[in-house]
Structure formats: C-alpha cells, structure tokens
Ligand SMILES: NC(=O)c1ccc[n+]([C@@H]2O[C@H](COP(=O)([O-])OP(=O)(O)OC[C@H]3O[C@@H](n4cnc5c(N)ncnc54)[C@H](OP(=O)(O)O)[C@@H]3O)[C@@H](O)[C@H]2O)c1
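Consider the single chain below, provided in structure tokens and representing the form predicted alone.
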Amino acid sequence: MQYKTVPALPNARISTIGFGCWSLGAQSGWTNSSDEESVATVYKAIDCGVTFFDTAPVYGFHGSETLLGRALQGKRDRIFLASKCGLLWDDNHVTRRDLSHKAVIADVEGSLSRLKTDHLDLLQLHWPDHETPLEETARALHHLLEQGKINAVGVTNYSVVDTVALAKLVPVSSYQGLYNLLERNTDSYHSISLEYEAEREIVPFCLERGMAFLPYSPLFQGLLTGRFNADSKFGSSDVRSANPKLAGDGYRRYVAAVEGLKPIAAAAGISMTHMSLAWLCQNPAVTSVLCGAHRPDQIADNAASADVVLSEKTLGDIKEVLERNGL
C-alpha cells in the first residue's frame, strides 16, 4: 500500500486506496451485500493497510455508519475516518439537502453515536445547499471544530466558486468528486446535475490549494472491472438500476470504450480493475481513491492496485482509446 500526505491535512497518513462505505451491509441498496461479510471486509481492508474510510449518514440510511462503527471497535486509532452531512430524508427515503446550523450539528452528533467515536477526522458537506447561506453552515463547522468533534472540513460535489467562498469562512481541506476513466468531466451523477468538471477544474484546483482530492465511483459502479457487456442488466433492488448511464445508448458507448481498454490491460499483464485504479493513483492530485467492496477478496484486490505502476505507453494507449470513443 502507498500513502500520501497533503498540506491541507498535514498530520494525516492516508492510503492511496480508500474504502468507500456506501455498499456496506444488507441495507445498502447494493446486491450481494450482507452485514457479516461487510464487517469481515472492513477487517481485511485494515489488514491490507487501508487507512481512509469514507461513509455518510445517508448510506444505507444510517446502516453504513452503524455497521462501520461496530467493525471499528478496537481499531479506531488505526484509521482516518470521514463522514458527511447535509442530506436528510423522509419515510420514503426521498432525500433533501439541508446544511443549516441545526442540521449540521444533528448530523454530526448522530454520526458520532453510530460510529462509536468521539470525533471525525474529516467532515464533508455532501452536496451544496443553495438555500442555506454559507455563513450559517460555516458557523456550525467552526463550533464542531472548536469542540474537537471534527478535525477537518471537506466538500463533496461543490463548484469551485462555492468551494472558494466557503474556504474564506472556514478551512477546507479536501474535495470529493466523481472521477474515473470514463467520467472525467461528466455533467451528472445518477441524474443529478454536477456543478464541476473533475479533470478540467478540480484536479488543478486541488493541486494549487494543497487540498486532498478524493475520487468516488472509481470503477464506474463496476463497469470498469470489465465484467459487464452491452446486454447486462441490474435488478430493481440494485442501486445501479437507478443510474441512467448504465442503460440505453450511452451505456453501449461506455461498454465500447471498456472493450477497447481490455486489450491494453491484458498487454500490461494486469486486470481492468488494477489498471483503472492505478490510473487514478498515479495522478498527482489524487490523495485516496474511494473504492467500494462487498467481500474481503474485493478490497484486497483493490488495495493491490496501489502498487501497480502504469507505463507511459499504457497511459498513452488509454488516452487514445478514450479520445476515440469521445471520452
């Protein structure tokens, strides 16, 4: 495993492969995920040297945090723990954004209880809330920082303009955004419009500011493992069925690009998973790649990607395939 530090998080030793905890447990909305196997996967991640764990209250509607808190008992001091705030939901699990002072404080208090810890190493604002003034959110963040309940603040899915504005009110140490081989500057995620372009805007922004950059969905929800084809379908109980990019003409275009990438991975003697994750790890702006996993063998395979080095020829071949497919 490789580790990185960034100026904005000077005391943090962060693994280049992180654990994105959306898929933890039976309540996650992902198929083939169970509580016991998820706990075993967390244990395996720590054994493989993974230090960065990223969760959120909305993942499994409290299920991910609760399960992670259970798994981390006796191991909390070995990891860098990140969660989020700002997404609430109703009885039908319909979400809404709320970064009011009251909501931020309540989210963190709930997260600390479920995670069975007295502090978060990083609290991230999950989505921008344009109905709440940044000043109000910043007051809540300062309160939590002063109490020692959070050690640092990050943003997720923010525009550069809003990130800069928030950073004038409270230190912003990290940026989490959608970024993978096929979605480098995409304009949406699960039909939600994005206010940034990852490669054109966020990569140079984080480098310039010394912020951690944390790409999510690094394997495009499994597409970049190379296991799917143009006829692959996801069941209604699988959260991926709600992603319009994994169906229709757009999906076929992505699959065609993956088919073009497979021979490059084969020529390099590595799997599609390793090539896709190593491509991110080698980007100097990337601090930790947030990989989901359902089983211990999956997180072990993800962790091994940190030690893969792609040659200049492999990187050039990848670029050619992406450009040929309009990506």
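Sequential numbering from 1, following the sequence displayed. Note that the coordinates shown come from a computational prediction; the quantities given were computed from them, not determined experimentally.
If you look for the form predicted in complex with the ligand, you will not find it shown, but the lines that follow are about it.
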Given that the ligand is left out here, which of Pro133, Gly222, Gly110, Pro171 has a heavy atom within 4.5 Å of it in the model of the complex? Gly222
Just to confirm the contact call: exactly one of 39 to 47, 257 to 265, 65 to 73, 298 to 306 touches the ligand in the model of the complex at a 4.5 Å heavy atom cutoff, so which is it? 298 to 306
Heavy atom of Pro218 within 4.5 Å of the ligand in the model of the complex: yes
Contact flag, His126 vs the ligand in the model of the complex, heavy atom cut 4.5 Å: yes
Should Thr137 be classed as touching the ligand in the model of the complex when contacts are defined as heavy atoms within 4.5 Å? no
Does any heavy atom of Gln176 come within 4.5 Å of a heavy atom of the ligand in the model of the complex? yes
Taking the ligand as it sits in the model of the complex, which residues of 50 to 82 have a non-hydrogen atom within 4.5 Å of it? Please list them. Asp54, Tyr59
